[in-house]
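The same protein chain appears twice below, in two forms, each given on its own as structure tokens and labelled structure 1 and structure 2.
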Structure 1
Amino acid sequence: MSATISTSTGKTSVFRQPTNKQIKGWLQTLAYHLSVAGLGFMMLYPLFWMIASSLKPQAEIWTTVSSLIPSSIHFENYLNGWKGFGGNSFTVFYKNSFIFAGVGTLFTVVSSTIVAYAFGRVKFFGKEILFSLMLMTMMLPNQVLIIPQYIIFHKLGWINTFLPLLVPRLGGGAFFIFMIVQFIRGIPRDLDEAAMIDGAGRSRIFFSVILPQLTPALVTSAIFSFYWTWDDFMDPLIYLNKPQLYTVSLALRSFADESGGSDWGAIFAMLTLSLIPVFLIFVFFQRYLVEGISTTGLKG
């Protein structure tokens, strides 16, 4: 510890002996970084462990368990895992997940934007009541809805299709509508009014005045929507019962259960891989995520 300090003093103040106060400050900074980084490492250990296990040789996974450094790197775990199970490779599962999360997000964001415009700008009969109804649905536990929804979709013959997962999203999401409404309320009305005087109708104003200014709100909505849909487990679990329709989440569960611990390297490889889309979102859109959570208080 003292060695680090003396070298850093050597660099910063060559001519003056550091005062006691300065040394105390450096020691405090050092202690701070050591403890925060140490605690952070403990937090990340389970994730590092999963990644390390995905690269370890088969024999090593359950023998040098706590070690984070594989004796040799085995990328073939990923190739073996990708083969999947029951004749379906992970190509199928990723395709399904991207359809679900991609189309679902598209529906959610487009509809939420249209609906939010009406709530944010247009005066119409019953608007306040509808808006509070919409806010109330955010607090409604999903458990009250899944059973009757299942019965309805069952009667429609939609089980084992993506329709029950996607069609309800055509109504947008209450949370996203609320967020975009808040954003629209922040846009000055001058432009709307100017366009209106110029003879532009409501839809013209929506497309040419409001929409171009909504980009940040739409990006945030799309990120959260994709992220939540990618992680969604309950809906696919209930509606998709054929392995060729499985999303990545469903496939991982079956893969871990049914391959019965035969090839743990491959299982850990697929677990790690499935986190990459979410991880990329986190890396590239961290600002949006952090702002979204700290300003609206939604769960991440």
Structure 2
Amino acid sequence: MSATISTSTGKTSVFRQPTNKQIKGWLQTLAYHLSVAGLGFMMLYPLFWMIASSLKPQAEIWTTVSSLIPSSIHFENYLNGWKGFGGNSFTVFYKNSFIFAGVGTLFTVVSSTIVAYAFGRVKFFGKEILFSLMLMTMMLPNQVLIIPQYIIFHKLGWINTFLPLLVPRLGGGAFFIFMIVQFIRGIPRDLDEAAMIDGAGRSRIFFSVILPQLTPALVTSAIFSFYWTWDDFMDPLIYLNKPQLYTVSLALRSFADESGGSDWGAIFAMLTLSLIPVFLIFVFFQRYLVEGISTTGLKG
């Protein structure tokens, strides 16, 4: 159905009324977007509530649980929370977390890349068996390894140091090794053969041919490793007993008073700040993250 409309300039235009099929399609699209927005809000509601609680007065946090709007904004929660406890501010805890997550991520990615290159390109005796054993380590529950590892590190005198948290990462991570191997197998071997003809050895091929093409996989591995290390609570809890060595995750747990006298505004403020590093990493490197996951899944 259409209608003719005359304008002041003397021109005419035809206005076509939407058909029932078009209206139905628009309604379906609207319903889809509203449902997705509703589900997204439900998933993000705990995050919104935490941020709102970090700005609420102490007395309102648990009395106005359903409200996201504080009656008055209290930025002093962030100042009080940053003071920390036991004479250690959150500057110390953040520094420890960046050491743990930063150095641990560097060790994991570098060692995993070297091991993955060996599995993906170098021929040696028992490679398939070793690769299978490496994959089997991902099936071991972490609880099985806690006691033997603690006994070893205790005898080495590494308790209350970052060595038990960092040194094991020099062997790489099974998940990251597998992911990088899949990416390397998608790189044409003709590039290796061309480099060998030019006189390049294994190390030159690795640094000049393979490594430059691994950027998406390496960034993806670094992001996941940083996320998991930054959020790690169990390992620092086992090996670090001195408050001056606590990471952010461990400090947040120790910040809470089991007797009920916790400053929840300060706790939620520090919880909010603890999300900033991982959020910024995701924002700036999400392109590499998506590319690394998609290409790793397609190649192999």
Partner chain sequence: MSKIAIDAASRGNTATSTMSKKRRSKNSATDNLTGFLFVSPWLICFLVFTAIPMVISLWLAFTDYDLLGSWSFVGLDNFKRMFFVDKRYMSSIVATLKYVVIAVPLRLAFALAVAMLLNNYRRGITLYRAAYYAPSVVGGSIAVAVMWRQIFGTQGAINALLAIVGIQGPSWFGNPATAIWTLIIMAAWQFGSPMLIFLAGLRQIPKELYEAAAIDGANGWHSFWRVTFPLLTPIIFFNLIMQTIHGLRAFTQAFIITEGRPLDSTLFYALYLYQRAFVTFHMGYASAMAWVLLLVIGLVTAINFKLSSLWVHYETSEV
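Only the largest set of C-alpha atoms that superpose within 1.5 Å between the two forms is called the rigid core. By convention here, residues take numbers in order along the sequence of structure 1, the first being 1. Keep in mind the model is a prediction, meaning the values are calculated, not measured.
- It is structure 1 that shows the chain in the form predicted together with its partner chain.
- In this overlay on the rigid core, W26 has a C-alpha that sits 2 Å or more away from its partner position between structure 1 and structure 2.
- With the core superposed, N241 shows a C-alpha displacement below 2 Å between structure 1 and structure 2.
- Shown in the overlay between structure 1 and structure 2, fitted on the rigid core, is a CA shift at I61 of 2 Å or greater.
- Here the rigid core is superposed, and F41 then shows its C-alpha moved by 2.4 angstrom between structure 1 and structure 2.
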